[in-house]
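A lone chain, given as C-alpha cells: the form predicted alone.
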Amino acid sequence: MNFDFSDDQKQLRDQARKFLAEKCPPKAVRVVLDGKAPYDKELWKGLAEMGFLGVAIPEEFGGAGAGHLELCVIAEEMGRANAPVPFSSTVYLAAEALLIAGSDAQKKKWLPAIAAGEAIGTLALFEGKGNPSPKNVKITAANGVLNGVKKPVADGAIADFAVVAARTGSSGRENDISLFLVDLKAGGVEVKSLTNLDPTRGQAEISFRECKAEPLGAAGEGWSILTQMLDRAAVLCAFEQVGGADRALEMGRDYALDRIAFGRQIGSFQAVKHMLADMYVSATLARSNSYYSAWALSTNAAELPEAAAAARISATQAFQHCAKNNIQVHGGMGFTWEFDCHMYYRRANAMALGLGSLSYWEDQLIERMRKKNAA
C-alpha cells in the first residue's frame, strides 16, 4: 500500500508553497499580529483565486472538486506559513459540515461563497471550559429559535455564518443535540472578541437571543454529525500542525548551522544535536500518522475514527514539541518578539485546544480501539 502523494498532488504542494512564500512571509503574519486587522484579507482573496478554498468542494457547488488528499496538501502548507486567515474554521469545519449534512439549498447558498472567498464560516460548539461532549451543550433551540452563549468560537468575530450545536431535548442522551445554521449578520446575534494566545487567529463570544436558525441535518442527529466533522477536521488540522512542526524544525536547524559560539557552530554541540534529532523524530512520527489518516479520510475507511485520533495526538505533540524546542535552540534570542519563534509557539498551543484537548483525543483513541477490539 502506497501512502505517498501522487505527482499531481506534489505539484499542488509546490504551487501552494511558492504562493504562500510570496504572499505570506513572516512580515505579513506580523502585520496581523501587531496590527488591528483580524486577518489578512488580501491573502484570503488570493487563496480563493488560486482555488485553494474550494479544493475539496464539488464542482457543482463552485469548488475544484479535487478531494481531501489535495486539501491535506494545502493544509500542510498553510501550517508551514503560519497563515493568518480563517482557513481551518471555514474549510475544515463549516464547509465539511455542509458537505456532510447540508441540504442542496444550504450547499448552494454557502459553498460557492466559501470557494470564492466571499463567506467565512465557523463552528460554535464550546460554551466555556471543557471538551466536546453532549452534556456540555447548554444552549437551547426551540421552534427554530436559539438562546444561549457560545465561547470561544474560532474566527467568530469575522464569520458570516456559524454551525451551532444546540440542545433540542432533555433525555440526557446524544440525540438531544441538533445542529443549526445561523447567519451571523442577522438579528438576535451579539459578537464580542476575546483575548487569546494567538492574535492571528481570533476567538469570540457569540450570544444568541431569540435568534432564528435553520436546521442542519436531521433533528437529534447533531452529535453524530459533529463526531464526523471533528474526525475530518482532526485529520486536516494534523496536516497543518505537521507543516508548522516541520517549519519550526527547519528554523532551529538553520539557526544552529549559522550561530557561532566558542569558535564553532552551535549545531556541532551534542546537546543541540540531540534536541534537533528529537524534534525530527516527533515530526516524522506525526507525518506517518497523518498520512495514514489522510488515506482513511480520502477512502472513507472504517479505520478513520482511530486514524484521525492518532493523527491528532501525534501532530499536536509534534507541533508543540518542535515549537518549544525551536525557541530553546535559539537561546535567549528565541524568547524575543523580534524573532519569529514565538509565532509558531503561539499557533502550536492554540491549535492544541481548538478541537478539544490532547487528553480528550487520547481518551477518544482508547475508547475507539476498545470498542473495535470488543466487536
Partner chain sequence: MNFDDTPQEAAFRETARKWIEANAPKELHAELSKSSLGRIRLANRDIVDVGKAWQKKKFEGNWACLHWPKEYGGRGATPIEKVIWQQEEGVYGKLTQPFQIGEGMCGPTVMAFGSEDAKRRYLPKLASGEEIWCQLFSEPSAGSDVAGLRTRAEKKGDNWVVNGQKIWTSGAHYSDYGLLIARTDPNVPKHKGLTMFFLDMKSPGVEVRPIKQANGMQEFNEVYFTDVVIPDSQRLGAVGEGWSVSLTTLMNERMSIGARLATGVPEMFEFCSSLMLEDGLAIDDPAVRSKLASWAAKSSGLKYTSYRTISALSKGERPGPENSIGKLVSGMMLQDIATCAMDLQGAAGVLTGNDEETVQGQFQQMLLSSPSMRIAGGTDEILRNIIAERVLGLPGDIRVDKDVPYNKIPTKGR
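Positions refer to the first chain, counted from 1. Keep in mind it's a predicted model, so treat the numbers as computed, not measured.
There is another form of the same protein, the form predicted together with its partner chain; it is not shown, and what comes next is about it.
The three marked residues, Arg209, Ala219 and Thr299, fail to reach its partner chain in the predicted complex, with no heavy atom of any inside 4.5 Å. Stretch-level contact check against its partner chain in the predicted complex with heavy atoms at 4.5 Å: of 122 to 130, 85 to 93, 241 to 249, 174 to 182, the positive one is 122 to 130. Among residues of the shown chain, Pro152 is one whose heavy atoms approach its partner chain to within 4.5 Å in the predicted complex.
Although the partner is absent here, Gly65 lies well away from its partner chain in the predicted complex, with no heavy atom inside 4.5 Å. Taking the partner from the other structure, its partner chain in the predicted complex has a heavy atom within 4.5 Å of a heavy atom of Ile327. Interface residue remark: Tyr345 is counted as part of the site for its partner chain in the predicted complex, having a heavy atom within 4.5 Å. Contacts with its partner chain in the predicted complex, taken as any heavy atom within 4.5 Å, map within 241 to 276 to Asp258, Arg259, Ile260, Ala261, Phe262, Gly263, Arg264, Phe269, Ala271, Met275.
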